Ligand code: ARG
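Here we start with a single chain on its own, the form predicted on its own, put down as structure tokens.
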């Protein structure tokens, strides 16, 4: 009987040991499986978060592009090399500088070609954001618009026919018939010449044509366009002595401080980087 009890006890102990051994195995293997599962879920969550952030960034960029403002520049594209027609495009120093300014400000850019004397009224009315057309800062113009920092120094010069011995300096313009482009500083300054007859033309080359046809004695115009006109028309020359020296700037609606500050900051950046000078050098080569 004791042997039987002892045998049963041993069997029970062996069964208990066996059950204990079996129950310990899942505990050993479940931990690594749970850890791996957690890492996988975390990785998926991070990937989903990154994808969502990327989508939001793309949407923001698209929205920014859609909402990108447009700066409209008013000019008179009859003033090479500052602005002129090249095929179907309006190009030149002012155009490229204005486009670079718009890019610095994160905005798109458009050009509107109008008569020179309509530029300031167009800016005043808000139809154009700014004017750039080889425009000199004068006290009279400052009454109507605000001006940016200067981006170029220019001279007004005198064009005459090569065989004209009567005009050798600005002082000799007294009593003469002088052609100018309407609304330009040449037009403004010529009015101060004593006893002179001033003939106004809508475009600079029209004044030069009048000179070649002996309708006028001289033309007062910016130095760079003058070089172009003289090169294109035989028998003309530029007097050595300049008529005036002046600064070119961009005009904006009076009181538009935000735009003016943005333009000035862009001009400063373009000067510092050398980009502004590169644009000028593209159109005006050193003599």
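Everything numeric here is computed off the predicted structure, so don't read it as measured data. Positions refer to the first chain, counted from 1.
Keep in mind that the form predicted in complex with arginine (ARG) is not shown, yet the notes after this line are about it.
- prompt: Given that arginine (ARG) is left out here, which of 190, 98, 208, 135 has a heavy atom within 4.5 Å of it in the model of the complex?
  reply: In short, 135.
query: Is there a non-hydrogen atom of residue 129 within 4.5 angstroms of a non-hydrogen atom of arginine (ARG) in the model of the complex?
result: Output for residue 129 is no: heavy atoms all beyond 4.5 Å of arginine (ARG).
query: Does at least one non-hydrogen atom of residue 248 fall within 4.5 angstroms of arginine (ARG) in the model of the complex?
result: Residue 248: contacts arginine (ARG) in the model of the complex.
task: Give a yes or no for residue 183: in the model of the complex, does one of its heavy atoms lie within 4.5 Å of a heavy atom belonging to arginine (ARG)?
output: Within the cut-off, so yes.
4.5 Å heavy atom contact, residue 141 to arginine (ARG) in the model of the complex: So residue 141 counts as contacting arginine (ARG).
- request: Could you tell me which of 72-80, 159-167, 99-107, 210-218 sits within 4.5 Å of arginine (ARG) in the model of the complex, going by non-hydrogen atoms?
  value: Every other range fails; the passing one is 72-80.
- prompt: Within 205-238, which residues come within 4.5 Å of arginine (ARG) in the model of the complex, counting heavy atoms only?
  reply: The stretch touches the partner through 222 alone.
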